[in-house]
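Each of the two blocks below gives one form of the same protein chain as structure tokens; they are labelled structure 1 and structure 2.
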Structure 1
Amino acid sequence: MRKVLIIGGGFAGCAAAHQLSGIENLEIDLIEKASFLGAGNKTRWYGGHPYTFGPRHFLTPYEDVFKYLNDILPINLCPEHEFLSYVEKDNDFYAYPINMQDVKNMPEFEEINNELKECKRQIKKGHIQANNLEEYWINSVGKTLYKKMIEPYNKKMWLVDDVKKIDTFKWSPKGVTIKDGPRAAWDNVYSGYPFDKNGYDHYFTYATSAINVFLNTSFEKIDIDRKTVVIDGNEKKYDIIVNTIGIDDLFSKKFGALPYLGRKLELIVLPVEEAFPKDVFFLYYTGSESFTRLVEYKKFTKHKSKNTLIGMEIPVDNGGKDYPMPFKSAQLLALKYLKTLPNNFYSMGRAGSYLYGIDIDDCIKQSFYLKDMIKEDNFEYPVPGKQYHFPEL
């Protein structure tokens, strides 16, 4: 019997638990420092309304991931959803992703249109080159549209004074494609939220039903190479460890601390049945407001009430670990930690991978790969460090 430890009981930890519990001869322990599973995806209640810490919309292009979760926790598809962005100087809302339908109604349409034509000419000639987020957007849509919508939002989103500091995204040589209409970007993905009034909570219970779960528990000491942990003063030895917490925390920050941003969530109940326009789930704010976006939770949850609950997200640098920072230097530091992991020691999920783009569906996809890697190699890796390379998502 091989012994497995999973560190962290968020979506990544629970998905890993469910996949590994399907492999014979594994005894699995999961430790979670909170008093509940699910982390930010757990359903809470305020004013009689269900909510999660920020919108936890299930959005995925993966058919296998959608089928997997939908079989366990039926998903109420909402393909009609739309996002709007508020531009203060125009006192107007525009759809995001940006589309030509809205661009034609902007005060600077002629200037923006000329810049778009020039960008297309440069892209066609193969002259576009980008080393950071600012260059990518300017080369794709021109300075006017970038200054209007992209730059102010990203400064606020990441609490940076210069968008050029954001330098770890994958830059397409073809740039951004301006959509024809507001629906164009979302028609080829599964978009939804659980039917269950408690959201994803059933999944966390279901996924961990065949393993040992220890809540209000964290390790006091860990020897990564020996795969031993000390919990409540007792040392336990494991054959496999799966980590889903911050990779620098696992190593007690011996190479340095990885930068993160936190999020403050303000909840507001309004005395109307619905506040947002039909089919609009998110409102993004690109100006000097302290908050980045609002979400009307009942658009996802389909909760019935004479009132409505709005969530307001505010970026804060308070030690929270909601978002890994998209800096090349931070990614290289995370990679240094990941390369140090021994055989049969995995790190996954948003914090464990140190990737901002990891969401619910990616955690599930990683758990599929985790199961395959463990089964395929029979717990032995011919190349040290191989296991940290999850396939690109």
Structure 2
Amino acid sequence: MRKVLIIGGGFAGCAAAHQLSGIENLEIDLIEKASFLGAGNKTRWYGGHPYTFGPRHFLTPYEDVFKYLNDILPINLCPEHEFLSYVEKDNDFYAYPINMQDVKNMPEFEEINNELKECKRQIKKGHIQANNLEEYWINSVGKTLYKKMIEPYNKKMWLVDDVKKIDTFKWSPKGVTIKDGPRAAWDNVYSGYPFDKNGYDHYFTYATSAINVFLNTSFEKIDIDRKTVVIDGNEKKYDIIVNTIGIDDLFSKKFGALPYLGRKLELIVLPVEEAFPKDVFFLYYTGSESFTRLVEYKKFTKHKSKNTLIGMEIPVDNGGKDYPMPFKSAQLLALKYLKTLPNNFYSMGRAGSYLYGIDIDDCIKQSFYLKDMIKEDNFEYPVPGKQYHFPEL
């Protein structure tokens, strides 16, 4: 019998628990410092409305991930979801992704149109390479649209004074295509939310039903050579460790602390049955407002009420670990930590991979890989997920 420890009971920890409980001869402990599983994905209630910490809308391009979750927790599909972006200067809402129909209605249409044509010409010549988010967008859509919609939003989203600091995006500017008209926010993905009024909660209990769960229990430190961990002051030995908390926290920040951002969530009940236009789930605010996004929860929870609940997300540097930063220097530091993981020690999930792009579906996808790796005694860091990659050293 091999002893396994899973650190953290968020989506990644619970998904790992479920996959590993299908492997013979493992005895699995999961520790979670909070008094509940699921972290920000757990359903809370306000004024009789269900909500989560931020939207937690289930989106995935993966057939196997969708099928897996849908079999356990039937998903109510809502493929037509749309986003709108507010531009205060124009006092107007535009669809996001940006499309030509909206561009035609912008006061700077001619300027933007000329810049878009120039971008197309340059991209056709094929020499453009972006080194940061600013270059990526300017080379793709021109300066005017960038200054209007992209720059102020990203400054607020990442609390940076200069968008050039976001330097982990090595995409070619061909990546942005301005469509002719509005469309669903994402093409070719499953988009939905559990039918259950308690959202994802059933998944967390179901996924961990065959393992030992210790709530209100904190990981303190690890001794890699002796394969021991200290949990609430007690030393314990494990054969396999699956980490889902900040990779710097796993190693007591021995190479330095990784930067993260937290989120504050404000809740507002409005005395109308529905506040956002049909099919619009999210409103993004691109300007000087402190918040980035509003979500109308009932659009995907399908909760019935004469009122509606709106959540407002505000980026804050409050020690919260909701968002790993998209800075090359930070990702290189995370990589240094990940490289010190020996065989049979795995790290996954958003903070455990130190990748902002890890969403609910990636946590599940990573858990599939984890199962294969442990069955085959393989090892990779972080556990592979979506198309997000670390920069090369």
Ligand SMILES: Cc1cc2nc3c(=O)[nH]c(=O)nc-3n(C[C@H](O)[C@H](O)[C@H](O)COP(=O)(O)OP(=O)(O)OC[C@H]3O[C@@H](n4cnc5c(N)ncnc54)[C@H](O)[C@@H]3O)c2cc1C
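Every residue number counts along structure 1's sequence, beginning with 1. For clarity, a rigid core is taken as the largest C-alpha set superposing within 1.5 Å between two forms. Everything numeric here is computed off the predicted structure, so don't read it as measured data.
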**Complete:** Only one structure is the form predicted in complex with the ligand, namely structure 2
**Prompt:** Comparing between structure 1 and structure 2 on the rigid core: C-alpha of residue 232 shifted by 2 Å or more?
**Reply:** yes
